[in-house]
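The chain below stands alone and is given in structure tokens; this is the form predicted on its own.
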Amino acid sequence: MISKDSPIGIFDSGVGGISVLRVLKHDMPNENYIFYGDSINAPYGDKTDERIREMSDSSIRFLFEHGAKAIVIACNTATSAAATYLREKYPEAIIVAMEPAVKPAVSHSDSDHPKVLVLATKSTIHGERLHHLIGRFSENAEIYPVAAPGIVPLVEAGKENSTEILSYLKELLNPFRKVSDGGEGHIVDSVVLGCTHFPFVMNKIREALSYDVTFYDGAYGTSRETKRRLEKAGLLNNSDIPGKTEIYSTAAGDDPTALAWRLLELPFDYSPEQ
């Protein structure tokens, strides 16, 4: 039986979902959390939709077995490929999914016609969800969707702050750098982080672009929706005691959750306006 004290379950294709967990913990510090990172199968972005649905279903069943009262799909790729399937399979469950923060990137801009760079995995970039989302706002903004498949494996390897990730980003983002190899680049106002691994490389993205941008992360909207759904269901934890967090991972090695815990403990700039 689930109750207010039951944990919120979060799953991702690895450690990226930790960026969502830290926002959830900030917004609802008295909740208990259980995180499941499927690092052995990361990245999901190069898998078929059928395979992503299988892996997502396995993750959600793990969380249900551990008493989760709600599920957060902390993965844009899994949302795109599996959210509808999971909601149909578990119609009574609270399942909250991610959405790239294209809307706030456009609506919060000071520009009349903002230029927005959307970084995501290949699967998300080519998925119908993102296409529909971009279509809703493309009349009022210049939106550049770019697949960034190399970020996830580098973050999963603990190289989120390395020269290797910077070199990759400089090459990937060359068309948007202030002075690109081909001349003047397409200068953007903001960057939408369309994968939960990407918040861990924000500083490197800014360094690669060589100018300042505003970042938008879908974790904030996801956290607000999770809280709203729990309140509606009468399952929001009203304890005044800080909640507990459990982390599980399919990663190999003697300490498979070490990277997840390290990333969770990194300081970050909380941006509630998103």
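Throughout, we count residues from 1 along the sequence that is shown. Values in this document were obtained by computation on a predicted structure and should not be read as measured data.
Same protein, other form: the form predicted in complex with a small molecule, not shown, and the subject of what follows.
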With the partner left out of view, is residue 125 within 4.5 angstroms of the small molecule in the predicted complex by any non-hydrogen atom?
-> no
Could you tell me if residue 44 has a non-hydrogen atom within 4.5 Å of the small molecule in the predicted complex?
-> yes
Might residue 195 be said to contact the small molecule in the predicted complex, defining contact as any heavy atom within 4.5 Å?
-> yes
Mark residue 152 yes when one of its heavy atoms lies within 4.5 Å of a heavy atom of the small molecule in the predicted complex, and no otherwise.
-> yes
Residue stretch of 169-177, 104-112, 88-96, 68-76 approaching the small molecule in the predicted complex, non-hydrogen atom distance within 4.5 Å = 68-76
